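Taking the form predicted alone, here's one chain by itself in structure tokens.
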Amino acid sequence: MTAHPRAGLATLLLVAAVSAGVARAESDATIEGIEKYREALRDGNPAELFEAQGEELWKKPAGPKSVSLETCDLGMGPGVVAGAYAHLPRYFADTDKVQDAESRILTCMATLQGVDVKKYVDARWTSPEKDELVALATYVSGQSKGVKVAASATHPKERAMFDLGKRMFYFQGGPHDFSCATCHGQEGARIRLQDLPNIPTQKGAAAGWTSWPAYRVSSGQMWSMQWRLADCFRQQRFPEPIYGSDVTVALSMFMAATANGATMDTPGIKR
């Protein structure tokens, strides 16, 4: 006896539905497992050690002028660190530029301490110079933990930087014709069990912005946002951007302003 075609189709649809249900259940279980893993990592986050190191560097006299960074103006007034990171990047009249935390720290090192910051900009990641900057950024970010993100985009240069960041986010190029949006421009994307936040949304931008700087368990390293962006460029096979350059600040501005209203949770911890 020959089976009716409709019966065969119904069987295929049933199998497909069951398979999809199993896949969703496995996906949900995987996501739940990842979240439990992340929660376990939070207990005794090694990032706290880098935060303490950054605080020590912030308060230690250094450079030709033998001055600390304690009077550095991060946008909330000279010497005010609490809550400052949550309002960055922002426009600074003294430099006539939009700056993020790391580029602003370089400005303070140059103006207050008399440091030649070129060696810090040119230094390789994992060098002592970059380690100092990452630690300082970690300390500053930690002083905004629990504070709502409020990156301003009212000044013309802030708006221009936001627009540049958005254009860069969607810019495709390199040998694989990648853009930031290739990985971070859709919902539900994941690579090696790592969720990829959908940055153009408030929720996605919050996930991508509010947890950096972060300690990376897989490498045993503390990464600042500048380092994270540099690694994204590497993965796209783009030339590595100059540390603290406009393109990196612009991408940060795009993320921060899109994440406005979210709560800072730095320093973070990643797989």
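Numbers for residues come from their place in the sequence shown, where the first is 1. Since we're looking at a predicted model, the values are computed, not measured.
FYI, the form predicted in complex with a small molecule isn't displayed, but the following is about it.
In short, of 180-188, 114-122, 146-154, 97-105 it is 180-188 that has heavy atoms within 4.5 Å of the small molecule in the predicted complex. At a distance of at most 4.5 angstroms from the small molecule in the predicted complex, none of the three residues K166, S245 and M253 contributes a non-hydrogen atom. Within 4.5 Å of some heavy atom of the small molecule in the predicted complex lies at least one heavy atom of Q194. Although the partner is absent here, F233 lies within 4.5 Å of the small molecule in the predicted complex, judged by heavy atoms.
In the predicted complex, I199 approaches the small molecule with a heavy atom inside 4.5 Å. Interface membership of A62, defined by any non-hydrogen atom within 4.5 Å of the small molecule in the predicted complex, is ruled out.
Listed residues L57, A47, V67, A207 were compared with the small molecule in the predicted complex; A207 is the one with a heavy atom within 4.5 Å.
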